[in-house]
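Quick setup: one chain, the form predicted alone, written in structure tokens, and binding and motion questions come after.
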């Protein structure tokens, strides 16, 4: 008898001709996908390619407009996550659905049938969680409060939640985003242990090298369709990039896939930005940033690494004057800007690429041109006394729309109609198109496709070569390793170590990101 997943047998999962539209936007167009038994299948694609939408349909979060799902060769009607779990399908999302005041065990068993009526039945649950954790290398204490766990442990809770419900197909959506290198290695080991016991894994990612490292097979989605499936042993940077982009790319000359950026001496420019003892408190009065000191020199990229939520946002907002600091001082080119409002910071020569593109520096009711000059509208060539030179504004906007490939009918179009990726391009165009002494960039390539990311990296390095100082805050460690001259690590609101480029080591950075201070 043929087993599912063997040649000629029904695979554990098939999706055929899946279509999904959100109003006029077609997210999936006759998409298909199939998963073998005992494999880690990478689902690769840029922002908006449809990969997460496809898996959300499989998990019952969305209903398809057309197409079918087969589990074990049989049609499956999946209208909710409960239906998906009934078919042995579990999903771990980027943003965890957890009750922080509950223990690990409470979170894992919540929603499962109880032998004690309305009361949660924890008898035996903690022991089963320990058994699953040991079996798959998912170290976590069932009695720990979720609120007290680091991000990596909270992800393990979500995986255990699916395994506790006997999932045989596990979907992981961008699972390495907030993990240290050590945690990524541990996750890959756990996935391999699962596959060895017959579980099949869908690994959604935009990181090509991770897909090549851990996946048995890789499928690439573009514009709502699967355009390539290839065995892991036959995949390469070049094969996957061409599938992602849809055009020939010289991967060997690409910044994104260089093992090492071109060597250059350590910059010896004078300080462009200096911060001493900066502290910020949360709205609840707790310390969010504590005694932060750093220097960004002319012609230097200083990277800030850390797991999300360790004070990066507070640092940026305090520097940009949109959040009051509880203490500390800030200088730009020797001029003190401590406590300055955002308008003065920008006027002093600071450019800014915000993390939250929808909330910071974006006016949805204004047109595209107005957003492109926001913050610079009182300066030449746009401002002439109290008036705006509208022909100059729209001429500049047309040039920037073309240069940054912003998809819009024109500069008069309402900004609210832009997609997330195109809003990001507006932010980038605004930051790079005006002279600056210091650029503060917070996750500047999030949501961008491969060519756009390459374009941003090139612009950053050109700006650095022109003598600007760049403070690059990113949750993508590969991005920091590629672009930075030095990397400082923030942990629980404090800078716990700084490494110069000759000492870069992802595992040393990972230890610092976990609070083990061994950097100098």
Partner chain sequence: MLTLVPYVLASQGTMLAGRAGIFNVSQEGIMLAGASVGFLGAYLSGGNLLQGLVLATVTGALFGLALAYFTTTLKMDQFVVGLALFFIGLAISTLLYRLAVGVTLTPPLIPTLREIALPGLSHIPVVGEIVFRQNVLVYGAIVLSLILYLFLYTSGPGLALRAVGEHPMAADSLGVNVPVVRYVATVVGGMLIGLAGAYLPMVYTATFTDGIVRGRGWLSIALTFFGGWSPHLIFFGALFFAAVEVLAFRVQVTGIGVPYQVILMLPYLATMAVMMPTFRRLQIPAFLGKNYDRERRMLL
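Rigid core (definition): largest C-alpha set, two forms, superposition within 1.5 Å. Here the structure is a predicted model, which is why all the values come from computation and not from measurement. Residue numbers count along the first chain shown, from 1.
Missing here is the form predicted in complex with its partner chain; even so, the following discussion is about that form.
Trainee: Might residue 110 be said to contact its partner chain in the predicted bound form, defining contact as any heavy atom within 4.5 Å?
Mentor: Answer yes; at least one heavy atom of residue 110 falls within 4.5 Å of its partner chain in the predicted bound form.
Trainee: In the predicted bound form, is there a heavy atom of its partner chain that lies within 4.5 Å of any heavy atom of residue 30, even though the partner is absent here?
Mentor: Residue-level check for residue 30: no, no contact with its partner chain.
Trainee: Check whether residue 70 has any heavy atom within 4.5 Å of a heavy atom of its partner chain in the predicted bound form, and answer yes or no.
Mentor: Answer no; every heavy atom of residue 70 is more than 4.5 Å from its partner chain in the predicted bound form.
Trainee: Can any non-hydrogen atom of residue 143 be found within 4.5 angstroms of its partner chain in the predicted bound form?
Mentor: Looking in the predicted bound form, residue contacts with its partner chain do not include residue 143, since no heavy atom lies within 4.5 Å.
Trainee: Quick one: 85, 106 and 161 and its partner chain in the predicted bound form, is every residue within 4.5 Å by at least one heavy atom?
Mentor: All of them do, each having a heavy atom within 4.5 Å of the partner.
Trainee: Out of the stretches listed (288-296, 394-402, 336-344, 74-82), which one is close to its partner chain in the predicted bound form, meaning heavy atoms within 4.5 Å?
Mentor: Partner-contacting stretch among the options: 74-82.
Trainee: From the list 123, 101, 236, 131, which entry has a heavy atom within 4.5 Å of its partner chain in the predicted bound form?
Mentor: Of 123, 101, 236, 131, the residue with a heavy atom within 4.5 Å of its partner chain in the predicted bound form is 101.
Trainee: Heavy atom within 4.5 Å of its partner chain in the predicted bound form: which of 97, 147, 416, 324 fits that? Just give me the one.
Mentor: Looking at 97, 147, 416, 324 one by one, just 97 meets the 4.5 Å heavy-atom criterion.
Trainee: With its partner chain taken in the predicted bound form, which residues across 12-43 come within 4.5 angstroms through any non-hydrogen atom?
Mentor: Heavy-atom contacts within 4.5 Å come from 20, 22, 27.
Trainee: At a 2 Å cut-off on C-alpha positions, does residue 322 qualify as shifted between this form and the one not shown after fitting the rigid core?
Mentor: No, because once the rigid core is superposed, the C-alpha of residue 322 moves less than 2 Å between this form and the one not shown.
Trainee: With both forms fitted on the core, give yes or no for whether the Cα of residue 186 moves by 2 angstroms or more between this form and the one not shown.
Mentor: False for residue 186: its C-alpha shift is below 2 Å.
Trainee: Rigid core fitted, then: does residue 76 show a CA shift of 2 angstroms or greater between this form and the one not shown?
Mentor: No, the C-alpha moves less than 2 Å.
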